[in-house]
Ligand SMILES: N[C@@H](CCOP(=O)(O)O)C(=O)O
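Just the one chain here, laid out as structure tokens, in the form predicted on its own.
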């Protein structure tokens, strides 16, 4: 029997749509796995009432099938579904890492990424690596068709999760199908700045690189109070603010000494819009860990 802790993640980071992702120090899912003749799933924790336990409809069931690794699987959700914090990816990542170890399949962490992404497809309809990659590998990841590049980065973050539900499918439906050349040029520059900032552990560069004029404005309309929260966080010292994944979580990069003030300010800004929220004072962290 194994226990695996897999972190929440933030994908896109503004300028890196479907490519960039980071593992968060908190929150996280904890998954317990025990060899069995068939796959059974039990889910408890945050939003567990909305998560199917049928292996054919759950992310970890698809992972177990891909690894040919039947197990009794208990998922304790620390990452709320439909949060924009890679909830399904955390469970899939934990299952992939744990079952690979339990059955001695011998896959590397990078090789486990597309396997865990098959679990993601059960929820979102498409297999995307931008959440499962950092949940498995930790740090900052760049996921492309050629594979995953990983950087151990240390950037303080604030993740503010409002009591709003935005489904991944809805958020993907509002993404523009085209972009102007000037928007593409700006996005490339911002993505380069963010990547450099990750290598340097520089929250100023990372924050500057979060700016996006293509996807984020379209998705912001799905989050009541987003603009007010963003402006409040910047005024409190955030170096950059954007939507985490598909939303509704709003994520801010910052200096360590500004994190608490920014967290309080973001909560207040949502409250002024009549929206309840919770906040995580976190940072870029490690990938899935086996206990």
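Residue numbers count along the first chain shown, from 1. Since the model is a prediction, treat every value here as computed from it, not as a measurement.
This next part talks about the form predicted together with the ligand, which is not shown.
The binding site of this unliganded chain is open: after the ligand is superimposed from its pose in the model of the complex, not a single one of its atoms comes within 2.4 Å of the backbone or a C-beta atom.
Shown alone, this chain has one stretch from 147-155, 193-201, 84-92, 110-118 that lies within 4.5 Å of the ligand in the model of the complex by heavy atoms: 84-92. The closest non-hydrogen atom of residue 240 lies beyond 4.5 Å of the ligand in the model of the complex. The ligand in the model of the complex comes within 4.5 Å of no heavy atom belonging to residue 72. The closest heavy atom approach of residue 131 to the ligand in the model of the complex falls within 4.5 Å.
Residue 18 belongs to the set of residues with a heavy atom inside 4.5 Å of the ligand in the model of the complex.
In terms of contact with the ligand in the model of the complex, the residue from 187, 168, 100, 216 that brings a heavy atom within 4.5 Å is 168.
Contact with the ligand in the model of the complex, defined as a heavy atom within 4.5 Å, holds for exactly one of 33, 254, 246, 233, namely 246.
Residues 11, 12 are the members of 1-16 with a non-hydrogen atom no more than 4.5 angstroms from the ligand in the model of the complex.
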